[in-house]
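Shown next as structure tokens: one chain only, the form predicted alone.
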Amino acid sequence: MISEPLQRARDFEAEFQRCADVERPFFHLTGPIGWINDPNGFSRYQGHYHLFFQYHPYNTHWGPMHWGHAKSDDLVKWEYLPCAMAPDAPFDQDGCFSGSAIELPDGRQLLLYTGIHNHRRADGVVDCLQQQCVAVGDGINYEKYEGNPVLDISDLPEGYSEIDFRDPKLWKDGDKYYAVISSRPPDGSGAILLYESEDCFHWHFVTVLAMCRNEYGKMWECPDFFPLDGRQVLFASPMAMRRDGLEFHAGYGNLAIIGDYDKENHIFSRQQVQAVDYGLDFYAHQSMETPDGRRVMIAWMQNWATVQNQKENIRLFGQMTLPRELSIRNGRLYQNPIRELEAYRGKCTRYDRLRLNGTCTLDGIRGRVMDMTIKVSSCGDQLYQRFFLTVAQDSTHGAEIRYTPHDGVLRIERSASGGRFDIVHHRKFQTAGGGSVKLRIIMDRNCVELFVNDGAQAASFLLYDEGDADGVLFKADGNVMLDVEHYSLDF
């Protein structure tokens, strides 16, 4: 049965989603209308990829959270489906927060999510109480379980926070189901809890899988836990990160912990900790396994620190990254755009072994929707001083990517890309260094995703101009050799 709040949301998006079509990127998923944030329920169901997302259809600012819904055959083009859930039950009356999805043996799709209900204390302070809930459906309509919540504050370890208990990520292993859930332990930092079930409706606590101990931010949101190339990976999105060299920036962060997992005793041992994305706009990353065995990740291409940076009179806010294929090489997480994007490549323009010292543009190399790979190397034994690539460029605009080979630092600078608010516009991160660097740039109207050295690092950032600037400028201080491969993308 469809509730009145859910039907109202579906009617609203059906009536108004076309109003926002002119604002949409071509292949980065937005909401039908209004606001979106975290990806939820990234999964495969009945032959299609499904993605849900935190959704407020009535406004371009965060509000009572619904679950929006879309499906795809190739993870590039998405079809909107009707809003999947609205906050319409006592256990989630103030919001349906983030979660995940899985196909049950009987063919139904189950959503495991955090239900919110606000509670006013005697001193007047309102607490946002969080508990885990279930809904089951057919890929379009979902019925909330009458036994909700399936996990509440009584299922927390002693001393853990009842207002920080959210974002379950679900998977099946053998004949049992498991979920990792974020919480806040007594030391005030973050922790990831592991729960187990035989049917997805009745759960029990297993162990504290990982603890922050105030080392990497505070509350760890949106966890994910999965095997990859013989290792085990834990994802989290920490709040209140402190800057740590060029690896982690201050504020809302993103984290990959690589280690080994003893499944018998549920012990995760940490070996490597790194950022997932080194750009300006990336949070709440979630992954799934494709039918051909690839681990693919998607994230919210935004940052909580910049969400007030909105243009006037917009109908959309928030979008997802392009899904990325994950692997582990040399003990680190690598990521690259999904290979399905290559099916949309149009005209190819190439320049091989082009010598550059100074500034130039190249015929056929421009655009706001493109897939471009650049290889930069030294000419001879002498190292150049700097290399600059500017995209979305005209006489007054441009987003700059700068590489200095002597220290291997790559810098993103978007302060000339139309932003008019006092937010962070630049970021630096460390690469392997040396005179050679490979940059793959994916552009889609209002955003850039940069992949460095075949996926060793990735960096995402939004552009805030009106979208007319489409020049590409190359500059070198010193002698460099360039190989450029540029594809238009046709949709």
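So that there is no doubt, residue numbering starts at 1 and follows the sequence shown. On a predicted model such as this, the values are computed, not experimentally measured, just so you know.
Only in words, not in the display: the form predicted together with a small molecule, which the text now covers.
Student: Which one, 388, 304, 201, 351, lies within 4.5 Å of the small molecule in the predicted complex by heavy atoms?
Tutor: Contact with the small molecule in the predicted complex is made by 304 alone.
Student: Note which of 224, 325, 221, 281 lies within 4.5 Å of the small molecule in the predicted complex, where distance is taken over heavy atoms; exactly one does.
Tutor: By the 4.5 Å criterion, the partner-contacting residue is 221.
Student: I'd like to know if residue 448 sits close to the small molecule in the predicted complex, meaning any non-hydrogen atom pair within 4.5 angstroms.
Tutor: Flag for residue 448 set to no.
Student: Verify the contact flag for residue 98: yes if a non-hydrogen atom of it lies within 4.5 Å of a non-hydrogen atom of the small molecule in the predicted complex, no if not.
Tutor: Close contact exists here: in the predicted complex, residue 98 approaches the small molecule to within 4.5 Å, heavy atoms only.
Student: Counting only non-hydrogen atoms and a 4.5 angstroms cut-off, does residue 169 reach the small molecule in the predicted complex?
Tutor: Contact with the small molecule, no.
Student: Is residue 58 a contact residue for the small molecule in the predicted complex, using a 4.5 Å heavy atom cut-off?
Tutor: Outside the cut-off, so no.
Student: Want to guess which of 460-468, 33-41, 418-426, 431-439 is within 4.5 Å of the small molecule in the predicted complex, heavy atoms only?
Tutor: Among the candidates, contact is made by 33-41.
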